[in-house]
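Just one chain follows, in the form predicted alone, and it is written as structure tokens.
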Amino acid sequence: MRAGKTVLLMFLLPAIAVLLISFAIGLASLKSLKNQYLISSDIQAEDLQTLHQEATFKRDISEVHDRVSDTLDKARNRALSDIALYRLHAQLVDDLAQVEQQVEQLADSNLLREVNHNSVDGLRSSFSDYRRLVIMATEIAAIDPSTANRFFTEAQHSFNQFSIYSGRIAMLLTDRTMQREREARSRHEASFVQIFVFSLMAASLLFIAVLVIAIRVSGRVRDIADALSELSYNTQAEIRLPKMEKLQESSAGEFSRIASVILGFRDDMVRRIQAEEENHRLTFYDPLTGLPNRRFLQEQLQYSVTSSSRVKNYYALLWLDLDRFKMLNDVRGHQAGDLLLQQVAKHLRHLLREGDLLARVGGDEFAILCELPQTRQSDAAKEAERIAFRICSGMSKEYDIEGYSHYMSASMGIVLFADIRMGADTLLSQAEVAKYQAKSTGPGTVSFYDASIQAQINRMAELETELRSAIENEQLILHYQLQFNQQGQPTGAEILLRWQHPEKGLISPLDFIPLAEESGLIIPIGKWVIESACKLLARWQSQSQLNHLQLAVNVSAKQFRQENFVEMVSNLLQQTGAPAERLKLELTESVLLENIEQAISKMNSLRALGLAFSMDDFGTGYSSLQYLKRLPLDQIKIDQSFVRDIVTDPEDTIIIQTIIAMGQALSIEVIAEGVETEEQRQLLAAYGCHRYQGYLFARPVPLSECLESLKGFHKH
């Protein structure tokens, strides 16, 4: 049954019940009245029949009497023959017999029995005498008219006698009929009163029953309406409907079904609201810190820009960047970084004023939207700067991360705005530019937006576009810097990437490699470099003067973290036929230590193919012997920043000696890069480092020049 029909029946059932019971009561009442009427009608009909019989008797007896008188007159006058007189006599006898039957019927009527039995008996007796005398008179009228007259005279007396009885009976019958009619009317009135009282009592009981049912039904309908209203206006994820739960348990039939449908709808609605809230949370909030994200901030900025144009006040957008956060990630891993971000978010909430909006807009970057009460730009700028310095000062402290203390400071960029023409994206961009300027000044610095930084960012965006074009147009080239042993003989070369711009000339890797990392272009570039190295090694394999050399290729973090990195390298080796033992991959500490288990797994897979590994820039990060001994390394490379000052800086000397000692303890080859002077080489050799790379031996050059250099070494 459909719900609409069910609800309709809830209201129609009481009305139908009232109509049916009322109809039954009315039918019973009408039937009772009908029975009363039929009984009264039968009695009245019987009474009228009796009155009719009495009138008929009078008429017939009067006719008979007149005929007797006429017959006797004709008999005296000899006007009738004996046969005619006999026929008249016979006819009179028959008529008197019929009248006698009428008298008997009249005497036997209910009405006459109720009236007066004496009058009935007198009527019978006088009529019997009259009949006897008339028969005798008419019988001897032809023989003895005088005797017949005497009999007729006596019959006349009897006629008068039963006429008196007949008149008395007629009056009694009339009175009794009227009395019976009054009694019937009284009975009708009594029956009507009884029916009315009974109907009133039945109607009252019915009304009470219907009222109880209506109250019960209306109460449930009201509960259902309240539940539907609650569902209509409630936007919370938790909706309690105890009355519907009770109705579902306590009721049966359609009410239980409706309650079940409403509760089911409630459950679906709760799931939808929870899904919407979860979707809203994922869309507008950062899952790590629980703070609003960049999208939420953009919408709030758009609203603030619009409202500020109406009230003519200022807003400040503060872009906060954590100093030295990357070091924590590199040293302790991303889990420690996440813990720090959570602590920073919690601490920032306490530093902000009521009404300020805090959002996480990047990895270690937060944005703060502040409404300023000042109406003058200079006053608003001073207030924004004061707020920024207060936040930076409060952020500069030590944080406890997994039992380790980490000192953290923050730099901040500021954008002041009160112009509807400035969009949210522009504000965010300008705040980020201001942050870059603050970072370039030093840790804990606050800087307002500077248009020159924006111009630099625009140049970087232009450079990214040109880099994409450079890949397609094969503007990227490879240079090779030879590596040497302690006898001064080349052992291999490091492949270095260069960009030969058609207009700007040779672009330094320091300018475009970070850009390639950030944009993801480093992945196709890195694959191309490895493929080029494999092809070159395959060609050298057949040349005795070159087939002993190794080629070192730098692998970026994004490239190494690819799931198919091992498969990609393996395929390139198979496709080119390059000897895997002549290919060496150089990885940085941060790449290896970010997820050391995954790094070890990939390295072991590649080492099983024959590849060698070198740790680049060793000593600049978290160089732990505990991690170092687990990594399947063949070589560690001393960073050129330590080699540069080895002659003058005792600290660099100690670091280099430590690195060399670690390598020797773990049977890992050590190579120094950035060797530019003979004095540096001699010190490194004295400390136990016998592999070198630097300008003292060879500069990075194109392949053709590198091969010419190798030929020179071969001649010697």
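Keep in mind it's a predicted model, so treat the numbers as computed, not measured. In this text, residue numbers run from 1 along the sequence as written.
The next section is about a form of this same protein that is not shown, the form predicted together with a small molecule.
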Interface residue in the predicted bound form among 589, 323, 494, 432, criterion: non-hydrogen atom within 4.5 angstroms of the small molecule: 494
Listed residue that, although the small molecule is not shown, lies within 4.5 Å of it in the predicted bound form (heavy atoms), from 481, 158, 300, 437: 481
Proximity of residue 554 to the small molecule in the predicted bound form, heavy atoms at 4.5 Å: yes
is_contact(residue 617, the small molecule) in the predicted bound form, heavy atom dist at most 4.5 Å: yes
Exercise: residue 513 in contact with the small molecule in the predicted bound form, heavy atom 4.5 Å: yes
Proximity of residue 670 to the small molecule in the predicted bound form, heavy atoms at 4.5 Å: no
Contact stretch among 687-695, 66-74, 645-653, 658-666 - heavy atom within 4.5 Å of the small molecule in the predicted bound form: 687-695
